[in-house]
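Structure 1 and structure 2 below are the same protein chain in two forms, each given by itself as structure tokens.
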Structure 1
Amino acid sequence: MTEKNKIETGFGSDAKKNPQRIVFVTRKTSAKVTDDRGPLLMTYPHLLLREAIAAQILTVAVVLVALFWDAPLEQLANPLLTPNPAKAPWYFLGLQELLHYFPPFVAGVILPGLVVLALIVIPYFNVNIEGAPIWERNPARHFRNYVAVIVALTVLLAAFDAWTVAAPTLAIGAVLIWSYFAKSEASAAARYFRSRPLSWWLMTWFVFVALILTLVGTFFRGPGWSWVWPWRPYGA
């Protein structure tokens, strides 16, 4: 390989002349190699065998359920006959519940857009990478800020009468506030909640709200999106 025949690319391939950065030591870390990830096993057969077993269990389970449960089929589509309520598939019923409280632009465009955006940026924020326990740094100041956010959210949700959103929000907020005053030594629960990072609290809040909204939308909403009890069928 002669350097003469090389096409000029602006950088050379001689490592001594053009050193490359090979390690980047971030805050609170060292360049020491600490690999405690344990031994390696051959993919064939150890992983493939497990995948095959998973495939077999799944196949048996799906076949069994498909033999006894029937996929729904209603009357032929009729644009002139609107069912009441007209419900979306279950995974969108949380959104439909939001639509009940907020204008379509907020519930149908802004909020889902924000959720997708928030999911995408999770790994690009250092707070989420470091995952420091929530009350580790500046606890008093953070406590004031979080309480302010919880109060503001509750007031906003109350203004829209969105109580199926407000209730789970308040529940998570209450646990957060409790964990601030609890002593780690007092109980396993206190130790657990005090060691969770901010990202954990945000995701848990999101999961809990989404779960409640989906359950309410699926089982507790009837004609005109009014509140119904699942054990008291309407219409029929």
Structure 2
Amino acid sequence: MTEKNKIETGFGSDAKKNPQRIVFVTRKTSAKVTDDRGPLLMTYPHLLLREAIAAQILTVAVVLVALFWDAPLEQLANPLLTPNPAKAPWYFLGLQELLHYFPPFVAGVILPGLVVLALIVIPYFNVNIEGAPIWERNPARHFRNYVAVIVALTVLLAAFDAWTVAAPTLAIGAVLIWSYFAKSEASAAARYFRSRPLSWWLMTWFVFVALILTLVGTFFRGPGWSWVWPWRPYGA
């Protein structure tokens, strides 16, 4: 009778879906799930002590920086005397750089809204679960589609003279096209780029564009948001 009611649990065999655990409970049995756990550590002292040491090191580093370098503070804000250029904080300089090329509604509402909408929608779809390399399936058709998207995006950016966005777009597109023609056995770089999935290319493009926009807005924009070289100061 004991052997008859001995039912073990297990995981589903479909790797593309979330694993599901099924437990059968009868009147004479109870649910019991066993698993193999790795080594466990207590939060105190193993974690908290390390966090306290890291916080102290960071505090000492910040104090040393404050002692040897002055903070770039200016006079009290005067609404009658605005600085030129009036720059946003560094984390908004990418958007401010986009405002230089596109209308305010496009750069300030549509583009950030699309990013936020993508962050909301993507988790509800099984996007690229397998992480397959970009040229693994139907490479010729995908190559034509990607080239068409790169050309269309470049033409659109060129129409608005948004070269700070077009330049990283062309750079990522050039590497993408090179990875299509390069052989896997040609070099380690070719093997690496050919094994990257589409999601990796999109995220790399997004990070690269955001980094370029922030750097240009921080170091290369002067009075009237004109282009200046960082080694030639424009203010005195």
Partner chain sequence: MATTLHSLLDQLRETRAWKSVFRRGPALTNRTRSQAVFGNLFLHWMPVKVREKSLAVRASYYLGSISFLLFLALTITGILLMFYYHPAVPQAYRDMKDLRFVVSNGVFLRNAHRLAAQLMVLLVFLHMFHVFYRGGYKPPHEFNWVVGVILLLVTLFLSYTGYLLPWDQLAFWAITVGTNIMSAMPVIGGKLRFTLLGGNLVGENALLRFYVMHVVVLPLIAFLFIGIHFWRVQKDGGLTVRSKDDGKE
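Note that the coordinates shown come from a computational prediction; the quantities given were computed from them, not determined experimentally. Take the two forms, find the largest set of C-alpha atoms that superpose within 1.5 Å, and that set is the rigid core. Here, residue number means position along structure 1's sequence, counting from 1.
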Checklist entry - Which one here is the form predicted in complex with the partner chain? => result 1
Next on the checklist: Aligning on the core only, does the CA of L48 end up 2 angstroms or more away between structures 1 and 2?
Outcome noted: yes
Next on the checklist: With both forms fitted on the core, check whether the Cα of P104 differs by 2 Å or more between structures 1 and 2.
Outcome noted: no
Next on the checklist: Once the core is aligned, what is the C-alpha displacement of D70 between structures 1 and 2? Give it in Å to one decimal.
Outcome noted: 4.1
